[in-house]
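Next comes just one chain, in structure tokens: the form predicted alone.
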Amino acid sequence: MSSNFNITDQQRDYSKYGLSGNPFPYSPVPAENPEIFCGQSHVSEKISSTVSTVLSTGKSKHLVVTGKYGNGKSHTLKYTRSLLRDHDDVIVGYVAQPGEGFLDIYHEFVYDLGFSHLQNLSYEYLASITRECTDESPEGAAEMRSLIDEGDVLLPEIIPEAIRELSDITKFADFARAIVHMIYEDTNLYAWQWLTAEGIRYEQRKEMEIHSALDDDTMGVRAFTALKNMLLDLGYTAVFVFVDEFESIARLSPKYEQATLNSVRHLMDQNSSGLCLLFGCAPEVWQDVMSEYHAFSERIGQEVTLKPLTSDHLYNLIHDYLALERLSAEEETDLRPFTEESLNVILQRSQGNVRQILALCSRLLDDAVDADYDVISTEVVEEAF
């Protein structure tokens, strides 16, 4: 066996610095549900204002968050999503990047909701129909599922009325049939595939009496609007769609780029209530969109920019991360083992880029344990570069 490697599962001891572990991510990619907001107050205020307006008025409002790579756009969108998921009366979907057009945005949004969530929405809608058509009064999806499983509510008694009413609400009969088929064991996977725009065979559509294919941007806008209208009818306040890496539309041909922007514009035009779109986009691409596609950019109207961190931002960020692993509450205000001077060097070398700061702090902390340093001084930081 080669002696060049020293592979071990022994954990490092960070207690010398009052820590139970290294709180910084080794791979500084945004967590799915971030605990710490590493953005800036002017950004959080703008997002809070936009989201609060939608929640309080029910009217649609949209925002684009710009910032250079590594300044925290994805983190900001995911942090906002984690806050909104605590609200029972909204639906939130995250789209990692817009893909080849609006149909990909729709696909990723529904996929982020997930099969179980969409199936529960189907049961929730049937519960509302059951309260209208029978003596039963189920309050939610779980109770509706139980009534069906126990035979207290027979599907033939409610399904025709459910399809009829949902078709009226959504103006899309095929969408209504697909939603209803989410509760049937034999066809729920076909219905899921149709609703996620994955494409199914004609025979499978025929089994559900669905006549159209969900296979282009126009149908994607129609299906999204149908879903949102169903949710508002169920009592939800709004649907939030977070589209990250919007700058990737610049890689599309001009024809497909314009088609994608037109589809998003049509989505906004058709949904003046109950919709909030938040985009994360590189500033140079957003400037191009602003100058070349007025019809799209004017409908968003609002932009907020993530800037490189200042020293105050950096101290707060490092303090918040260290507090995650502090062994005692007395030390939670401490920046140890970092010093303000060493953090200033980190800020200067990283040019305030959040991703680079987190990656460097993670590495420096492990190096400090291995070398048994008392503090991470400016000299230690300088040696790391």
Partner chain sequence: MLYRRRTIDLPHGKLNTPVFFPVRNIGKRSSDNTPSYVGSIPDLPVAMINTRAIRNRTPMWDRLLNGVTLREEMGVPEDTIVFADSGGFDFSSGEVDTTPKKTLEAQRQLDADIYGTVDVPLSREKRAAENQRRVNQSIEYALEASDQHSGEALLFASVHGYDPETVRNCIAHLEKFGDFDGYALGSMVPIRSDYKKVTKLILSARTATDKHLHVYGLGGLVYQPLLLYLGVDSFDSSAFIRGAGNRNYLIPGFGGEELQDIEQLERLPCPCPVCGTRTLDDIREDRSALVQHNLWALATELRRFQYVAESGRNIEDYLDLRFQGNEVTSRAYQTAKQQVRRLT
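Residue numbers count along the first chain shown, from 1. Quantities reported herein were computed from a predicted structural model and do not represent experimental measurements.
Same protein, other form: the form predicted together with its partner chain, not shown, and the subject of what follows.
Asker: Are Ile318, Leu327 and Asp334 jointly within 4.5 Å of its partner chain in the model of the complex, each by at least one heavy atom?
Answerer: No: none of Ile318, Leu327 and Asp334 comes within 4.5 Å of its partner chain in the model of the complex.
Asker: Does at least one non-hydrogen atom of Pro160 fall within 4.5 angstroms of its partner chain in the model of the complex?
Answerer: Pro160: yes, in contact with its partner chain in the model of the complex.
Asker: Do Gly151 and its partner chain share at least one heavy atom pair within 4.5 Å in the model of the complex?
Answerer: Gly151: yes, in contact with its partner chain in the model of the complex.
Asker: How about Ile183 - does it come within 4.5 Å of its partner chain in the model of the complex, if we only consider non-hydrogen atoms?
Answerer: Yes, Ile183 lies within 4.5 Å of its partner chain in the model of the complex.
Asker: Using heavy atoms and a 4.5 Å limit, would one call Glu209 a contact residue for its partner chain in the model of the complex?
Answerer: Yes, Glu209 sits close enough to its partner chain in the model of the complex that at least one of its heavy atoms falls within 4.5 Å.
Asker: Any idea which of 184-192, 97-105, 239-247, 77-85 reaches within 4.5 Å of its partner chain in the model of the complex, heavy atoms considered?
Answerer: Heavy-atom contact with the partner occurs in 184-192.
Asker: Name the single residue among Leu234, Met268, Leu155, Met290 that comes within 4.5 Å of its partner chain in the model of the complex, judging by heavy atoms.
Answerer: Selected option: Leu155.
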